[in-house]
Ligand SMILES: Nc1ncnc2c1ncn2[C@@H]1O[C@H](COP(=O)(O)OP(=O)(O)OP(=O)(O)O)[C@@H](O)[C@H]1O
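Taking the form predicted on its own, here's one chain by itself in structure tokens.
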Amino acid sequence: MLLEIDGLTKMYKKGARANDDISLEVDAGQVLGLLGHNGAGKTTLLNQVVGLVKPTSGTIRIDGRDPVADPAMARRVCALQPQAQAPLTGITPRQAIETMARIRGASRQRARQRTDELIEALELAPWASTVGEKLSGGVQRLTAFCMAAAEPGRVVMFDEPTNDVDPVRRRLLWEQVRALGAAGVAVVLVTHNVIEAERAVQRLVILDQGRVVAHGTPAELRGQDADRLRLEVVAADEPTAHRLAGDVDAVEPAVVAGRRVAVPIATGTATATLAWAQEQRDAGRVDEFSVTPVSLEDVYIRLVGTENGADATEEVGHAALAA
């Protein structure tokens, strides 16, 4: 196994635990997704892998070597796109990507080749020669992704790579994530976008309050939800949404976000549930509704709760609105 983390714990002052007994593995060619609410410990975990933060206890091994004892080794074999935007003032995306590839050990020819490949793949050519202070947040974010992906080493980690990125280029970015895995790189991906992550990763680890609460393939995490459906409703107003949430024949409690309601239902009740939803719409209590298969997003919310899963709850609402 290329990256092995065993019993990793990171405690800060006053006993606060950013990571609490985390264990996970990532092999060469695998794409692992880390999901969790803000403050779940995802970024702290990545920083320990690259040697920027020292664990309180537990072990990390990169190809059998210890990044805590040898942080310089960790930075040689691991690339990281941090959550914060890269400082691009005064330099262009082309310069930033090529320079980072050279710093990470690529030859001049290799650095130029990879820079050209990534600029083309992510359709960044219109901004490739524009200085950073004139770039949008999305283009800056894509540039930072390319800076990590140009010469990724054996392990590459991306912390919220799609923040501020438009939908078209998000799809292109996910294609590059998959390409890195196909090239034999171990990829660790932190994201709040559960739906898109599901299309790019082989395995997922869900963190809540610093602990691993679930792990496995997307299919394994669905588990008991595989034979369920999700009713999504946009109610006429928020009070109506809360009333409707209690009226559905649900297998688990509904999630309400503003006017939007997401309810897991059994497949056997789908016909009756659709008839009920149509009645509510005819009565003016519902603006829109749909029934879809249960997604990994629903599983995530069930595991971390609606308060900690606020970001995912918002995604559910967007999905309902688009139905």
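Remember, it's a predicted structure, so these values are computed and weren't measured experimentally. All residue numbers are counted from 1 along the displayed sequence.
The same protein also exists as the form predicted together with this ligand; that form is not shown, yet it is the one meant from here on.
Among 270 to 278, 38 to 46, 256 to 264, 288 to 296, mark the stretch whose residues have heavy atoms within 4.5 Å of this ligand in the predicted bound form.
Selected stretch: 38 to 46.
Contact of R230 with this ligand in the predicted bound form (heavy atom, 4.5 Å):
Answer no; every heavy atom of R230 is more than 4.5 Å from this ligand in the predicted bound form.
Give a yes or no for Q83: in the predicted bound form, does one of its heavy atoms lie within 4.5 Å of a heavy atom belonging to this ligand?
Looking in the predicted bound form, residue contacts with this ligand include Q83, since a heavy atom lies within 4.5 Å.
Might A18 be said to contact this ligand in the predicted bound form, defining contact as any heavy atom within 4.5 Å?
Result yes; A18 sits at the interface with this ligand in the predicted bound form.
According to a 4.5 angstroms non-hydrogen atom cut-off, is E196 in contact with this ligand in the predicted bound form?
Taking the distances in the predicted bound form, the answer for E196 is no, it never comes within 4.5 Å of this ligand.
Tell me, which of R169, H192, R222, R94 has a heavy atom within 4.5 angstroms of this ligand in the predicted bound form?
Looking at R169, H192, R222, R94 one by one, just H192 meets the 4.5 Å heavy-atom criterion.
From first to last in sequence, which residues of 1 to 17 have any non-hydrogen atom within 4.5 angstroms of this ligand in the predicted bound form?
Result: Y12 alone.
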